[in-house]
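A single chain comes next, written as structure tokens; it is the form predicted on its own.
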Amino acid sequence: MITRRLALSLPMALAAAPSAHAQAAPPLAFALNSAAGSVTIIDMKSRQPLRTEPTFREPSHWALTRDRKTLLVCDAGGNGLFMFDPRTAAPLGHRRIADPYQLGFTPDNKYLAVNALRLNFIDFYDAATLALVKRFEAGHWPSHLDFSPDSRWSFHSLQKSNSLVSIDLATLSQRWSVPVGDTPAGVLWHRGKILVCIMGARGFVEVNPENGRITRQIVTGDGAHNIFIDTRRNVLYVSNRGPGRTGLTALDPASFEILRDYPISGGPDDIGIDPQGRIWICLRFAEAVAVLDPQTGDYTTIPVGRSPHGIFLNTMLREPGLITAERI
């Protein structure tokens, strides 16, 4: 059941410059513990867990509403979408939704796209009401997603089908589906191309969004799982989850030259970057979040729940523009 407070938060305005209210928010990190059915709230100053908020079963990824008032947390195994105040981490209720594993708002804020990995659906919901608009059965295990900045197209990796599928967002029809490699995962629109992590190929591929053709292949590390862009520092990061040579790889965003490798054990997954440039990394197999100094390569860990997956830092609220899990 949806609460009145939550219902009032669903209509979403376009993002504006950060307010003084947002800048004054206490710095909190949200670690989504997929195997613990919980979200660990961390004080970023002391690096101590403050409390644990329960979900149903399997929180994985997050999306921020365009008005920045609500943080949506997927609970795939529990068929639920949990809402939090991104400033204070106060719970705002939940809503039942089919298998939300990964999700994102289209740049024009018209749709909320949801990858239902277990059920093999790609769903598009009305962004304001969360009413289901269209469902696709495009392949097996839809995993990660991203969009073209003009909201013309979406792109979804299909882990068990070893392919990437693109949807026309004007007509809500499938444009193409192409093989890209063994177990594709993270997806990022980058400089007019699509980058897709290929866990079975130790790196990522660059794909032409017009036709799905692979134009480059880059090796980073074993189990390359997700890819991120730090728009302020202009660096690409790939999390190599393993097994084998695990860690974080930093790359030049134009040439894809590897700038530095950060060996990190424990299965690094999703990341966030704080205002001091430190990288916060979920360690899926270590029940911890690592905080990495990219200058020295040193990191410390913070204990959280089992299988931490996604991470949100509310210090991102200080930044102008679109905030997503892929653009940090």
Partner chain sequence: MNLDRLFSHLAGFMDQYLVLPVLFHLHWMAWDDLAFDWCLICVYGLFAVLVTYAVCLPLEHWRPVERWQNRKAVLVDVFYTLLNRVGVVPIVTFVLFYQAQTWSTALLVRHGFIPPTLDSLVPGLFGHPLLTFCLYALILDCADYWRHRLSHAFRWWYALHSLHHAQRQMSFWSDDRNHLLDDVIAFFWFFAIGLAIGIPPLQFPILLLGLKFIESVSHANIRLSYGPLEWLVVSPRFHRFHHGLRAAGRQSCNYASVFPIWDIIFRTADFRNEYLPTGDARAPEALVTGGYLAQQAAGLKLFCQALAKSWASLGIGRAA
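Numbering follows the first chain given and starts at 1. This structure is a prediction, so every number in the text was calculated from the model and none was measured.
Although it is not shown, the form predicted in complex with its partner chain is what the next lines describe.
**Student:** Check 81, 102 and 139: does every one of them have a heavy atom within 4.5 Å of its partner chain in the predicted bound form?
**Tutor:** So, no: the whole triplet misses its partner chain.
**Student:** With a cut-off of 4.5 Å between heavy atoms, is residue 315 one of the residues that contacts its partner chain in the predicted bound form?
**Tutor:** Taking the distances in the predicted bound form, the answer for residue 315 is no, it never comes within 4.5 Å of its partner chain.
**Student:** Within 4.5 Å, heavy atoms only: does residue 153 come near its partner chain in the predicted bound form?
**Tutor:** Judged by the heavy-atom cut-off of 4.5 Å, residue 153 is well away from its partner chain in the predicted bound form.
**Student:** Spell out, yes or no, whether the shortest heavy atom distance between residue 230 and its partner chain in the predicted bound form is within 4.5 Å.
**Tutor:** Result no; residue 230 lies far from its partner chain in the predicted bound form.
**Student:** Evaluate residue 121 for contact with its partner chain in the predicted bound form, applying a 4.5 angstroms cut-off between non-hydrogen atoms, and reply yes or no.
**Tutor:** Yes, contact at 4.5 Å.
**Student:** Quick one: which of 66-74, 274-282, 255-263, 299-307 gets within 4.5 Å of its partner chain in the predicted bound form, going by heavy atoms?
**Tutor:** Going through the listed ranges, the match is 299-307.
**Student:** Just give me the single entry in 201, 205, 251, 89 that has a non-hydrogen atom within 4.5 angstroms of its partner chain in the predicted bound form.
**Tutor:** In short, 201.
**Student:** Please identify the residue among 193, 110, 160, 216 with any heavy atom within 4.5 Å of its partner chain in the predicted bound form.
**Tutor:** Contact check passes for 160.
**Student:** Just to make sure I understand: among 44-80, which residues lie within 4.5 Å of its partner chain in the predicted bound form, judging by heavy atoms?
**Tutor:** Stretch hits, in order: 54, 55, 56, 57, 78, 79.
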